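To begin, one chain is listed below as structure tokens, in the form predicted on its own.
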Amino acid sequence: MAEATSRRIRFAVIGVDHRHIYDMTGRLLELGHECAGYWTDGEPRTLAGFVKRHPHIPRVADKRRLIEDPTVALILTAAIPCDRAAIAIEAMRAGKDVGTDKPGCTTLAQLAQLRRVVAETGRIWSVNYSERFEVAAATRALELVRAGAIGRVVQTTDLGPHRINRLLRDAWYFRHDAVGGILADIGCHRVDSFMTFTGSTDAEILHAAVGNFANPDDTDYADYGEMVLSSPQARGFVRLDYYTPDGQASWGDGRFFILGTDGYMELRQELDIAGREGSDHLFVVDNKSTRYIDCHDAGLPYYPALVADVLDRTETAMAQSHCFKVMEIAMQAEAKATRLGFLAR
């Protein structure tokens, strides 16, 4: 019991502006770790949901109380995206490791500063690329890919439709300067998946485009994005949008196709449309069969690994170089993207 207790940490939450903080906090609590408190600026629409899920966590009036608490080892943040880098930098300079919602930053200048501070402090800056870290089907698929189940991976196709949910979002969500753009924001998920499943350490952006086709009053907002990535290992296509209709049972129908020399896989993260109930569906086709794999027992290793890294000063959850590179590529794609639809006017 003493060993188990010694492997627990205290963490704190700074910024609850995105709903991802619900699960980020909940996963650590489920593992037996303690939350010292939370701070958030004002009253974001997500606050009520956070309090409903975690009513026992105290709210503090000054974030410095959490950042300077010597018993807190890890700071979680899902603040407005453009504010996350500054929060992470302050926390790391105070001796804390940081787990941030995606995107971890919104400009290349912020990323450069984060790299400097990580090098100076030796702290961990980990971005929760939740389309992999929060999806049990991705856990199982990656195990199979690394075991050679479909041969060498040569191409991925990643589709990330979202419901716009305008009434649930604060105004900042529709400002480019706040979120960094669609390719930087939800696109970084897909860069992470491409690089991880293909074993790539870098990628060239062959094509990038963003557009606004359905929201003309939001002159700074992209509701569509696409990019083509290439590495010495493989190529990848990504398509993102905010057009999920209200008639669909889930907020989106994420689909990830992995093409190998001996077969292919399809992940349906949120639903098997008009088919099986629930989420985390995986289909595998190889030279022997076509089969469906239920992935609910695959687990989500990111959070236990992140805590182990905090305690052991290791990089088992994700290499720091990978974390940086994913954000770099996503923001570079955003910067070079052709502007379509209302954005082109």
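Numbers for residues come from their place in the sequence shown, where the first is 1. Since the model is a prediction, treat every value here as computed from it, not as a measurement.
Not pictured, yet referred to below: the form predicted in complex with another copy of the chain.
Partner contact region in the predicted bound form: 285-293, out of 26-34, 54-62, 285-293, 304-312, criterion any non-hydrogen atom within 4.5 Å of another copy of the chain. When you look in the predicted bound form, the only residue of Val228, Ala136, Ile89, Ala178 with a non-hydrogen atom within 4.5 Å of another copy of the chain is Val228.
Exactly one listed residue, out of Asp218, Glu266, Asp83, Asp170, brings a non-hydrogen atom to within 4.5 Å of another copy of the chain in the predicted bound form: Glu266. By the criterion of a heavy atom within 4.5 Å, Arg45 is excluded from the residues contacting another copy of the chain in the predicted bound form. Another copy of the chain is not drawn, but in the predicted bound form it has no heavy atom within 4.5 Å of Thr201. In the predicted bound form, another copy of the chain sits within 4.5 Å of a heavy atom belonging to Val154. Taking the partner from elsewhere, Tyr224 is found to have a heavy atom lying within 4.5 Å of another copy of the chain in the predicted bound form. Interface residues of 233-264, taken as those with a heavy atom within 4.5 Å of another copy of the chain in the predicted bound form (partner not displayed): Arg235, Phe237, Arg239, Asp241, Tyr243, Pro245, Asp246, Gly247, Gln248, Asp253, Arg255, Phe257, Leu259, Gly260, Thr261, Asp262, Gly263, Tyr264, in sequence order.
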